[in-house]
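Quick setup: one chain, the form predicted alone, written in structure tokens, and binding and motion questions come after.
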């Protein structure tokens, strides 16, 4: 029995040692786009300036406590010796050990409140972007702002595009449950709550693409609800705005893309909007997602191929090589790379075709048929459309024209 117990103790020590090594190794990642220790803007720098000294103090205290505990365990472990004399309370020591942590927390609180008030400031922001979260993607609505060349509203999804060196105010809300918007390189988290508008400041120091993640559990595909902020130089941002406001260009007559446009009108326009798209009778093709999806909204696909992700930034529109070229581009050319959009050569055909073939198989949206029935038969996300491979090829050709 004793030998079994010794073996179990040794095995437990080995497991704990392996776990400790794994934790240390996991903290040394170099390719970590959501690393909170790499601020890329003044707002995230405020947070970083606060967390570093607090982390250092906490680390020192943690080390002292760990050494004291280990020393006590080794020196006073049970060797069969008599139970030591028991004492009841040392007021001076207890008061001291209460006052010291209280003073440390009071100092931390002073600097924390200062940081919170700085991050909550909104009267100096220069641009407004309305952000709406829903299961499981983010919508970006740019209201008219003549100083940035936005003469008509721009609606996009998946990737927020902003000019460098500009104080951007996000006005966040939600259409369904509570979500939380977080791009670590640019600021902390802010909940998107149904029926309320929460504000969050963003500002990027240099052009680049910054990754983020929904941080409030919001359903089956919570882990897939990502976002990206694309920071462009002011000149490149002006080009992006001009392209987003460009008129719709119909596919060439008798082309595969024109056939795809017909498939889109028959299948996709029930939920998705493409601004400027016209029906055969000359009337605008207006989406009616409130009749087809539970949330009453689906991503606006106008200029889809000017983005490089789809399905709530869960999947890439660009092939891995082309996406790496955009993500890893030097700051002075990242705008040029991003504004090039998605070409046929760089298109991630595999994932896009799989999505059109059977979206629910790629992104969990319902636990079972009972949940679907509870919504009155409406889909929370993109449904299975039973498209033929021929229809998928036509749709891909059409979507490639939406630049």
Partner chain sequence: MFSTGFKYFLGVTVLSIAALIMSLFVLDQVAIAGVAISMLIVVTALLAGIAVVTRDGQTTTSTPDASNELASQSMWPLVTSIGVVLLALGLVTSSIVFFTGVIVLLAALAEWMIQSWSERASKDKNYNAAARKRVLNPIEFPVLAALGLGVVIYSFSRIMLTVNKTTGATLFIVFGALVLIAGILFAVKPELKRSLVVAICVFGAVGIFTAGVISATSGVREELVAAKAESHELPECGAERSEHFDKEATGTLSLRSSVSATIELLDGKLTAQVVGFNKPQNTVTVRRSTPTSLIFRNLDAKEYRLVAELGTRTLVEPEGATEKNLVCTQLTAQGSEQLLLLDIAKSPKAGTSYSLTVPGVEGQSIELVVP
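Note that the structure is predicted; figures quoted are calculated from it, not measured. Residue numbers count along the first chain shown, from 1.
One more form of this protein, predicted in complex with its partner chain, exists but is not displayed; see below.
Engineer: Taking heavy atoms only, is residue 124 within 4.5 angstroms of its partner chain in the model of the complex?
Structural biologist: Yes, residue 124 lies within 4.5 Å of its partner chain in the model of the complex.
Engineer: When the contact criterion is heavy atoms within 4.5 Å, does residue 205 count as touching its partner chain in the model of the complex?
Structural biologist: Close contact is absent here: in the model of the complex, residue 205 is far from its partner chain, nothing within 4.5 Å, heavy atoms only.
Engineer: Flag residue 239 as yes or no: does it have a non-hydrogen atom within 4.5 angstroms of any non-hydrogen atom of its partner chain in the model of the complex?
Structural biologist: No, residue 239 sits far enough from its partner chain in the model of the complex that none of its heavy atoms falls within 4.5 Å.
Engineer: According to a 4.5 angstroms non-hydrogen atom cut-off, is residue 262 in contact with its partner chain in the model of the complex?
Structural biologist: No, residue 262 is distant from the partner.
Engineer: So, 132, 141 and 173: all three within 4.5 Å of its partner chain in the model of the complex by heavy atoms, or not?
Structural biologist: Spot residues vs its partner chain: full contact, yes.
Engineer: So its partner chain isn't shown here. In the model of the complex, which residue out of 245, 297, 166, 258 has a non-hydrogen atom within 4.5 Å of it?
Structural biologist: Result of the distance check: 297.
Engineer: Just one of 235, 333, 286, 250 has a heavy atom within 4.5 Å of its partner chain in the model of the complex. Which one?
Structural biologist: Residue within 4.5 Å of the partner: 286.
Engineer: Quick one: name the residues from 182 to 209 with any non-hydrogen atom within 4.5 angstroms of its partner chain in the model of the complex.
Structural biologist: The stretch 182 to 209, when checked against its partner chain in the model of the complex, contributes 195, 196, 197, 199 at the 4.5 Å heavy-atom cut-off.
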